[in-house]
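Let's start with one chain on its own, the form predicted on its own, as structure tokens.
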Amino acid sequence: MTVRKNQAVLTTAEKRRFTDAVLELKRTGQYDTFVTTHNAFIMGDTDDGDRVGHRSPSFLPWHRRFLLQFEQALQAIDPEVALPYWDWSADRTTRSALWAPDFLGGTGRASDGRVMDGPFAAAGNRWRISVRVDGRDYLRRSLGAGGRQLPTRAEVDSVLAMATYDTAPWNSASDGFRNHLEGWRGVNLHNRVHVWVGGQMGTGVSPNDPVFWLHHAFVDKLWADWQARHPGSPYLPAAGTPDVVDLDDTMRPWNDTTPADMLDHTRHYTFDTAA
């Protein structure tokens, strides 16, 4: 059984195995297919139209399926690799070990945001940005620029306390746990982290930055924590809802998976700590 660990407790060898597998996935061209998929859905998901991966109840099961597919691709390269998660409510500074040269590398330089150290720096010639929104082909970040702050544990707990999964109108205006976690309302958790990292993480091609996977692995863990705290609160909506993915509807692009299929993560992996 795969165990997803907090990145803060990874050994040097575990960090290296993860980054090596990511680099190999990039070398084969498989990595960029994940970037393309994410960008297509974030651009296509709208509040007043069909929405699957974002701004909708299926934000969480869609990304759980997306991460699982990515993790399985890494494990095809190295069976010992698991997705780590980044608890950004605890590791909230640019001095976190996450950003060290032996793991993901640090922030970008002031002039152009280019990441200069770590395995994904342009200088290594192993991480060219191919699926992009502009002409720049190097990884960019601007960690915490403009005085931005990552969410606190108190803010996370305030969202985990919400007992209802989602509500009408089932978009970025909705109340409930899903939308507050996604970040369109309230204290803004998930969205704020994308903006805090900056660079490609602030765009539809955010998986170009490998921290995307660690960020979303923690978002996924927060969903699991919420499920454990509210066992009587179901995924909503259940059925017959226009423009969104109901409990037993299939999710594109896989068309073989429903939100119901994704409710129990323990069929595929566990986390190193529970809620």
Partner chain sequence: MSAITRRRALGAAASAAAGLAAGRALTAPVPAQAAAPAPARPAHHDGPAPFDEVYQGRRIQGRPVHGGGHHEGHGGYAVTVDGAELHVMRNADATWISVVNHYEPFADPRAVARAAVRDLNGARLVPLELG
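Numbering follows the first chain given and starts at 1. Since the model is a prediction, treat every value here as computed from it, not as a measurement.
There is also a form predicted together with the partner chain; it is not shown, and the following applies to it.
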Please determine whether Y165 contacts the partner chain in the model of the complex, using a 4.5 Å cut-off between heavy atoms.
no
Quick one: does A90 come within 4.5 Å of the partner chain in the model of the complex, counting heavy atoms only?
no
Does the 4.5 Å heavy atom contact test between T203 and the partner chain in the model of the complex come out positive?
yes
Against the partner chain in the model of the complex, would S172 count as a contact residue? Criterion: heavy atoms within 4.5 Å.
yes
Non-hydrogen atoms within 4.5 angstroms of the partner chain in the model of the complex: do T33, I42 and D134 all have one?
yes
Among 157-165, 92-100, 119-127, 187-195, the region lying within 4.5 Å of the partner chain in the model of the complex by heavy atom distance
187-195
Using a 4.5 Å cut on heavy atoms, which of T241, S233, T250, T46 is close to the partner chain in the model of the complex?
T46
